[in-house]
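Shown here is one chain on its own, the form predicted alone, set out as structure tokens.
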Amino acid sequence: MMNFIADLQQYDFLQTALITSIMVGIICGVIGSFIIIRGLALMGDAISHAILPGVAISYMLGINYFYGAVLFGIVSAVGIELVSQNSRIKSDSAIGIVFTAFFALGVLLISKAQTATDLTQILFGSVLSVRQSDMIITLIISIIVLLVVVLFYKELLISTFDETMAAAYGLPTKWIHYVIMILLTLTTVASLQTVGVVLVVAMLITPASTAYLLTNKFSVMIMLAAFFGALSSVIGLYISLEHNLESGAVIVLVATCLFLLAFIFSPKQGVLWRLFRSKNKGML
């Protein structure tokens, strides 16, 4: 641990990696909380894969991957909604159709791109290669995401738990849904350098699921999810440096370990305590 702290003080790239990882962990936890309550975990997976052609095209054009990724993420989200709302196809099937098509297009573009190494980093993440510009983009995205959640928390909360009631109150539920999709896309783009396209869905879902097992209050769940996301990033980065492992994969595995602890030991939802209570009931 002391070596890790000393390296942090000495190397600027490590400071950049740590700060970026923490920001990604926080916003993934926040947006992930809305995603799992709304039952949109598959949508998170879809967008994370659908942005791949945008990333590839950005590299081929020599521009920042942020622009292409956001564009294709939004287009995929809109495309999924158009298919599901204007046909007999259900949303899960629409998600499968759109994201596999976009992902297949991304694979083809990768084979044509000249920057295969960079694209591999986007697929699997490379937090230690995060540049100052990437950190600034992540900071801007984090501010946007957190600001929207804070300013429109009541509207997001009502539409998340009861869309019918939200519509009865006159809230534009369809636009709220699209806002969440845009925030999800931005969060996914911000996560590319740390955990990559393949693992980003884990950071969206796992910390929020861990928090979900520990509280029944949504505001507390959001804060816990953000904490677990940030904690996973810090511990994962430390372990990956100590043992020369892939940072993105280790961060996800740390988040999974935290989930397993909550799954087993959660006071209300944990398997161990439920087993203990059931035994006590059987003895009475």
Partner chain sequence: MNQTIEVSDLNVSYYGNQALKDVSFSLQTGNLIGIIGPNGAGKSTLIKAMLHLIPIESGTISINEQPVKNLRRNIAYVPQRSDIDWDFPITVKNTVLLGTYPNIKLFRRPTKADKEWALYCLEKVGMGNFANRQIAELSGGQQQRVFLARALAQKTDFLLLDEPFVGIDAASEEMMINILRSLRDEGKTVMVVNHDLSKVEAYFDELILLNHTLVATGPVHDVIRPEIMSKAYHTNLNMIQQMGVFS
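Numbering follows the first chain given and starts at 1. Being a predicted model, the structure only gives us computed values, none of them experimental.
Another form exists, predicted in complex with its partner chain; not displayed. Remarks below refer to it.
> Please tell me whether the candidate spot formed by 230, 239 and 245 is one where all three residues come within 4.5 Å of its partner chain in the predicted complex (heavy atoms).
Per the other structure, none of 230, 239 and 245 touch its partner chain.
> Can you work out which of 218, 59, 259, 66 has a heavy atom no more than 4.5 Å from its partner chain in the predicted complex?
None of the others qualify; the residue that does is 218.
> Which residue, 157, 182, 94, 75, has a heavy atom that falls within 4.5 Å of its partner chain in the predicted complex?
Checked against the cut-off, the match is 157.
> Evaluate residue 212 for contact with its partner chain in the predicted complex, applying a 4.5 angstroms cut-off between non-hydrogen atoms, and reply yes or no.
Residue 212: contacts its partner chain in the predicted complex.
> Please run the contact check for residue 152 against its partner chain in the predicted complex: heavy atoms, 4.5 angstroms, yes or no?
Yes - in the predicted complex, heavy atoms of residue 152 and its partner chain come within 4.5 Å of each other.
> Even though the partner isn't displayed, in the predicted complex is residue 111 close enough to its partner chain, meaning a heavy atom within 4.5 Å?
Output for residue 111 is no: heavy atoms all beyond 4.5 Å of its partner chain.
> Against its partner chain in the predicted complex, would residue 140 count as a contact residue? Criterion: heavy atoms within 4.5 Å.
No, residue 140 sits far enough from its partner chain in the predicted complex that none of its heavy atoms falls within 4.5 Å.
> Given the stretches 164 to 172, 184 to 192, 131 to 139, 67 to 75, which is the single one in contact with its partner chain in the predicted complex, using a heavy atom cutoff of 4.5 Å?
Contact criterion met by 164 to 172 only.
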